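One chain is shown next in structure tokens, namely the form predicted on its own.
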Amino acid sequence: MQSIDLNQFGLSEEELFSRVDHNELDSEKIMAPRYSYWNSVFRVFFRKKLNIALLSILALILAFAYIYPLFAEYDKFGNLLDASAKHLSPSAAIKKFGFSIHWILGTGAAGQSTFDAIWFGSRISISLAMVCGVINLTIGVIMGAIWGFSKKIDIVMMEVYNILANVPYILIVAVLVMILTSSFWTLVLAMTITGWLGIAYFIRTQVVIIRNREYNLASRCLGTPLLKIAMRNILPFMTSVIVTLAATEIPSYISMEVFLGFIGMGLSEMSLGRLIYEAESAMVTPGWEFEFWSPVVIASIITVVLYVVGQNLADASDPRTHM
């Protein structure tokens, strides 16, 4: 056995063999890495390269929708008196006006830039979807949590839901748009007056499943207010469910606006739906197809990207994926 020279450590005998104090509180501490829920969510989300690519596309879309119009001098009727500027294909528009990003998608019925029109319209459509999404999700989630936890409220809300849920949602929206002026806030009102009800019912179903768990029963026995139980004990456990709802709801409002615009009941302002409606005849006219298909493609890309990003974020929000 090889002996060890303690002098090589440069310490005295007292320092080498000092007594270590025993602390019972320290001995019971569990050493574990600090866990941050949202750090784990974003770590799981950005682990997939597809999500990074989709976010890049979404950032580009939002930049063109909200930043590009600030610098583009767009005038729909600027070339109205020039008959040779109307219904031009991309190559013909570039040949006439010179190469510019404004003319890469050709011109419309008034000689306006189709590219500029799309992004001015996208700003309105995306803003409408975001406003409707925030209102419906906020009301729906809060009402759904209370609805599912209170049996008295459940009796009343189930009757309301059974009546309104059997009326087609598109019919309610269309009637309100016809009665009121076809404006941005009119469409917001039409889409949110009953749009939150389906979300509330879905949240109610989820709450019913977990409302009688031990910690909720203990809170009720201690006299904790119903709203506080719903906001503190229930909703934090439903983050992934709420994100999933947002992923489906926000793109659906863009689709709804485009559909209403296509049938002539959409916004009076220039939106994606309005652009598609005005270019409807160009769909079957040779050489004019870019006027119709350009806003259709952009609207499709926006809805698909928003949906996929939302679904992947919802999956990452599930704590079971953080292992």
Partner chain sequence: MTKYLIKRVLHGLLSIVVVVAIVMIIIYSLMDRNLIFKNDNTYSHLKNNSKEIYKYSKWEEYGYIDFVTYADYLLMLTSSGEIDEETRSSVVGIGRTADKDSENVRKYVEQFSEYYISKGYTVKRIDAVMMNAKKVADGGQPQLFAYKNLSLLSRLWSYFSKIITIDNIHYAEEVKGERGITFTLFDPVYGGKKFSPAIIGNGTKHKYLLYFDSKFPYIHQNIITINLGTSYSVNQGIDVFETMTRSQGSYVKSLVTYPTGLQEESADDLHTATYVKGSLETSLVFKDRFMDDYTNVSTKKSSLSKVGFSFVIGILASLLAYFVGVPLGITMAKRKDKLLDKIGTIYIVFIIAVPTLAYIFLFKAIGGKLGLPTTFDMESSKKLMYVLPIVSLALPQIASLMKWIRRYMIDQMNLDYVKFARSGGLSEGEIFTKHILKNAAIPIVHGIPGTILFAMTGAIITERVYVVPGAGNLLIEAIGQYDNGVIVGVTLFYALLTVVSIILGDVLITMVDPRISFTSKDR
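These numbers were taken from a predicted model, which means no experiment stands behind them. Residue numbers count along the first chain shown, from 1.
From this point on, the text means the form predicted in complex with its partner chain, which you will not see here.
The stretch among 135 to 143, 226 to 234, 112 to 120, 170 to 178 whose residues place heavy atoms within 4.5 Å of its partner chain in the predicted bound form is 170 to 178. Not displayed here, its partner chain is approached by Trp293 to within 4.5 Å at the level of heavy atoms in the predicted bound form. Not displayed here, its partner chain is approached by Ile276 to within 4.5 Å at the level of heavy atoms in the predicted bound form. The shortest heavy atom separation between Ser40 and its partner chain in the predicted bound form exceeds 4.5 Å.
Put simply, Thr186 is far from its partner chain in the predicted bound form: not one heavy atom of it is within 4.5 Å. With respect to its partner chain in the predicted bound form, the three residues Ser255, Phe259 and Ser300 uniformly fall within 4.5 angstroms at the level of their nearest heavy atom. Proximity to its partner chain in the predicted bound form, defined as a heavy atom within 4.5 Å, singles out one entry of Val156, Ile163, Leu222, Ile209, which is Ile163. Met265 is the sole member of Ala65, Val44, Met265, Ala282 with a non-hydrogen atom within 4.5 Å of its partner chain in the predicted bound form. Annotation for 221 to 249: the only interface residue with its partner chain in the predicted bound form is Thr248 [heavy atom within 4.5 Å].
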